[in-house]
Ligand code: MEV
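As structure tokens, one chain now follows by itself in the form predicted alone.
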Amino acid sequence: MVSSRIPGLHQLDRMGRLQRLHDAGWLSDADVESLADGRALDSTRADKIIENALGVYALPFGVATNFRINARDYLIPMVIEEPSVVASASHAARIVRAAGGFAASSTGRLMVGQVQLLEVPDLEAAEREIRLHGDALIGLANDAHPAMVRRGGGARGVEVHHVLADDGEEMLVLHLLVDTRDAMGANTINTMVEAVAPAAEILSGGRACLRILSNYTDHCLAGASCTIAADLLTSGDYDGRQVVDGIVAAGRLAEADLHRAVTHNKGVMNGVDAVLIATGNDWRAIEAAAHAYASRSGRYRSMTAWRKDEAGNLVGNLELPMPVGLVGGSIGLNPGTRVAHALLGLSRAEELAQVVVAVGLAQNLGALKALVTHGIQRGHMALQARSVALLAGAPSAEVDRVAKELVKRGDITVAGARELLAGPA
């Protein structure tokens, strides 16, 4: 098994990192070539992916190290512009690695398609008819997409929901549960619900309005957990037991206070979104589902749960809707996405879902550990100094020197960087 523990990777230059990962077996020659010139997606291809394309908008592509999930090592591809995210994830993963790694699981791959039925004369009778003919509706759905059935997926079930609108009108909504296998599956689900809508109208006596997937995939969940001995969390002058208590207290605030919960969960999604973007997944859909899931009790809460067990260990858990795909959509169109998938070496979409939630949990751990010890700014601004140096006009060869001096002075500003670049008056 190739190890994701790669000390000193951040100290190498970009080409040195690519060579190190190539030599270790993480990247192929083609992967290195795709990333080396910084133009994984060319403008000609981009013009065919979206409408009115003008060019390609690039974001940094990095890797988080040290991850061990379900006894397997992973290098985590992350596409993100915010400094400190990759470093924080790698740092937290190193701590969890020493504690035995992350445990992760998933509930399956059932997605939801909805058919909204209006003007139904008898809601109870309509529900009975739809349930009675559920197998026939499943058959119609599968006939509409036989390729998915051949891959072992397809429609699996039918649910009926009564929904009361704000104006008092009650409507019936048919849910079609679909296993999309390793695909994101939006087009599959939309095709299927359009196919069953005419039959649903006949059975209900109503009129089909919306026929579309739901991005709230509460039948497709993934979870990750970790248990960390207190001594592994010792940080400078902060005893590990203090850190455990601090993280638990921070978690309680995120459970009880909306202002903290939003910021807490944004930190979780820093990690989640970066992996989703790298792997070509619809991060907007999963972001929306994650925040909705955090509100499922009727109040917006923390996505993660942190507690101290009887032995004084820190125990963390994260569960989120995670309808990721390995195929479909635009996943195969971006060479950078292919490199991300090659790095991960995945065989199933469920495995990717488990990796993503483990990264989200690591990201939250890294942020909370910093917050309850020396504060978030020390590490963040040290990494931000390089961006400040670039904004001040520093050439590439000078960026690290200027950034180090800015940190030393404690003046991480564009004006300070320009002063350094100008030299002695």
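The model shown is predicted, which means the values in this text are computed figures rather than measured ones. For every residue, the number given is its place in the sequence shown, counted from 1.
What follows is about the form predicted together with (R)-mevalonate (MEV), which we do not show.
- In the predicted complex, (R)-mevalonate (MEV) stays beyond 4.5 Å of every heavy atom belonging to residue 128.
- (R)-mevalonate (MEV) is not shown here, and in the predicted complex it never comes within 4.5 Å of any heavy atom of residue 321.
- Of the heavy atoms in residue 348, none are within 4.5 Å of (R)-mevalonate (MEV) in the predicted complex.
- Although the partner is absent here, residue 190 is not a contact residue: none of its heavy atoms lies within 4.5 angstroms of (R)-mevalonate (MEV) in the predicted complex.
- Checked against (R)-mevalonate (MEV) in the predicted complex, the candidates 368, 69, 389, 356 yield a single residue with a heavy atom inside 4.5 Å, and that residue is 368.
- Just one of 207, 241, 266, 308 comes within 4.5 Å of (R)-mevalonate (MEV) in the predicted complex, counting any heavy atom, and that one is 266.
- Judged by heavy atoms within 4.5 Å of (R)-mevalonate (MEV) in the predicted complex, the contact stretch among the candidates 138 to 146, 211 to 219, 255 to 263, 97 to 105 is 255 to 263.
- Of all the residues from 57 to 84, the single one having a non-hydrogen atom no more than 4.5 Å from (R)-mevalonate (MEV) in the predicted complex is 82.
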